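One chain comes next, on its own, written out as structure tokens in the form predicted alone.
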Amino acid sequence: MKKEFSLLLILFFLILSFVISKCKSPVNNESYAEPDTIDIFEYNKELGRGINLGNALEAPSEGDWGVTIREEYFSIIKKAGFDNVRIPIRWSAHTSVDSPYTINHNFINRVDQVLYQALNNDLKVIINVHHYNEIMENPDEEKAKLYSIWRQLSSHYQDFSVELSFEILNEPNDQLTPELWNVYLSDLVEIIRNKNSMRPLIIGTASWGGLSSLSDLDLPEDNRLILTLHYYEPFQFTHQGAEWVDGSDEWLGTIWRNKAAEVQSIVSDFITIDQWAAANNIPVFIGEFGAYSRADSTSRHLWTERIREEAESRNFSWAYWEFCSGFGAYDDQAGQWRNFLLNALIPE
């Protein structure tokens, strides 16, 4: 009798473990099936409206910059009406010093936990390589490490649902010139495609990921790419009082009131993006846009609404920068959305 009870108990826990894995894992859930092909324009449409979980996993260590990702964030984001979350990650701070630059086991497990929470809330997820400052300063010396990071990530996530997309590198700049970035980009797409043939890949421009280097970007031959651009214009408005920008206190008081001249500058930029994307047959994701909290709330609302409208009128997907820090649409201390921003992003 005791032996039979023990066997039943073991069987019970095996079944329970199987059920839990089915419910929690984006690898094994019923919604996942490796597709034969992907319509990348349709995928980008479904990517829709999103928000960045900034100042968390791209800090030197999570929590250093005041944000630790909590599970309830994803249900809050989903219930507000967002479709995607972009999760910036500083992988370069969590590898071994020497080749093969192995990613720390505990760190990648933490990232996995965050991904499970997002995917289980029916959100599309974008992960990237963020704040890899060393490769911007010394690309030749850091190239092997960046390539190793993507070999590891490509292998680790190869069986995850395509609801997870990869953004290859955030805002190449400095010594990682447009010409050099084109070479690295082509190599990295090939590395990732070795084990992720169908996964959407998001690629940006050099010179800080903005419009200025769009014409310098050479697209690899691949029909599952999405172009990303970051938009913070006019910079003296969006970054007034930003502590990390030299001289930004002089810009305090800069307003934005949706006047014709202000709007025309933005429209012109978005027309340029749209025309380039159409000529190159690639969909567009505005991966970052936002105005810092030291701008007045009326200006922030009007500017944010305008950027969202210009993006959506051209079928661009987007992700606001960011959830609950200096640009934050959500007040984490009060436990509520800043309605003047949420209404600009998700109109009623």
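Residue indices: 1-based, along the sequence shown. Treat the numbers as computed from the prediction; the structure is a model and nothing was measured.
The form predicted together with a small molecule exists for this protein as well; it is not shown, and the discussion that follows is about that form.
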item: Contact of Phe160 with the small molecule in the predicted complex (heavy atom, 4.5 Å); value: no
item: Heavy atom of Asp83 within 4.5 Å of the small molecule in the predicted complex; value: no
item: In the predicted complex, Trp303 touching the small molecule (heavy atom, 4.5 Å); value: no
item: Heavy atom of His239 within 4.5 Å of the small molecule in the predicted complex; value: yes
item: Contact assignment for the small molecule in the predicted complex, among Asn196, Thr95, Ser207, Asn170, heavy atom within 4.5 Å; value: Asn170
item: Sole residue of Trp256, Tyr101, Tyr232, Trp150 within 4.5 Å of the small molecule in the predicted complex, by heavy atom; value: Tyr232
item: The small molecule in the predicted complex: contacting segment from 115-123, 174-182, 130-138, 247-255, heavy atom within 4.5 Å; value: 130-138
